[in-house]
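First, one chain by itself in structure tokens, the form predicted alone.
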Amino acid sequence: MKENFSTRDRIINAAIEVFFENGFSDTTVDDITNYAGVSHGTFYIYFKNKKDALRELLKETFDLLYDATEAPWKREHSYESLRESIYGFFKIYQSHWKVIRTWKEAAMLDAEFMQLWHNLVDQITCRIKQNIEYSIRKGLCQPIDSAVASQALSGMIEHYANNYLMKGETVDLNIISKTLAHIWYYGIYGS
């Protein structure tokens, strides 16, 4: 059983590298199997085709991004929860930047992958909106349009991630998350 897991991992890791190097549209199953050092038959034990392999990578990345941004809010509603949520998003984005870059490329070519990206953004934006609405109800912030604010804040985070983390550069995530949390927190909550 352990051997199957490591073989699948080799295929997945090969897919990440080959998709990144060649681009999703120019990658073949041959490219992935050659890089992984496995046969076509072995590849097809785990995946139907290259699209299926990417779908698996995206599901894992989607879940990691969503979970990283959700976990801090389960404890409390505070600046620190916000900072940890932003940090978690960027940490996953940074460690999975090759997959995310492939995802965005594939989204330009395939409606399914585009929809998956929109689903992630929509779920995170919805959670931001719910947090703002909670804060308004509790008198923690000024009454604002939660839909507009959540779209703007989600866009700020995604834009930063796309411009700086997608390049695979090493950046100080503590400084980034503190700065963006400060802008967000004091922009919404005031003092």
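The model shown is predicted, which means the values in this text are computed figures rather than measured ones. Each residue number is its position in the shown sequence, starting from 1.
The same protein also exists as the form predicted together with another copy of the chain; that form is not shown, yet it is the one meant from here on.
Looking at 27 to 35, 146 to 154, 49 to 57, 63 to 71, the stretch with residues near another copy of the chain in the predicted bound form, meaning non-hydrogen atoms within 4.5 angstroms, turns out to be 146 to 154. Remark: all three candidate residues (Tyr160, Leu180 and Ile188) come within 4.5 Å of another copy of the chain in the predicted bound form, counting heavy atoms only.
The contact residue chosen from Ser39, Gln130, Gln142, Gln123 relative to another copy of the chain in the predicted bound form is Gln142, the criterion being a non-hydrogen atom within 4.5 angstroms. For the chain shown alone, Glu105 is a contact residue for another copy of the chain in the predicted bound form, at least one non-hydrogen atom being within 4.5 angstroms. In the predicted bound form, another copy of the chain stays beyond 4.5 Å of every heavy atom belonging to Lys98.
Another copy of the chain in the predicted bound form is approached by Ile176, whose closest heavy atom lies within 4.5 angstroms of it.
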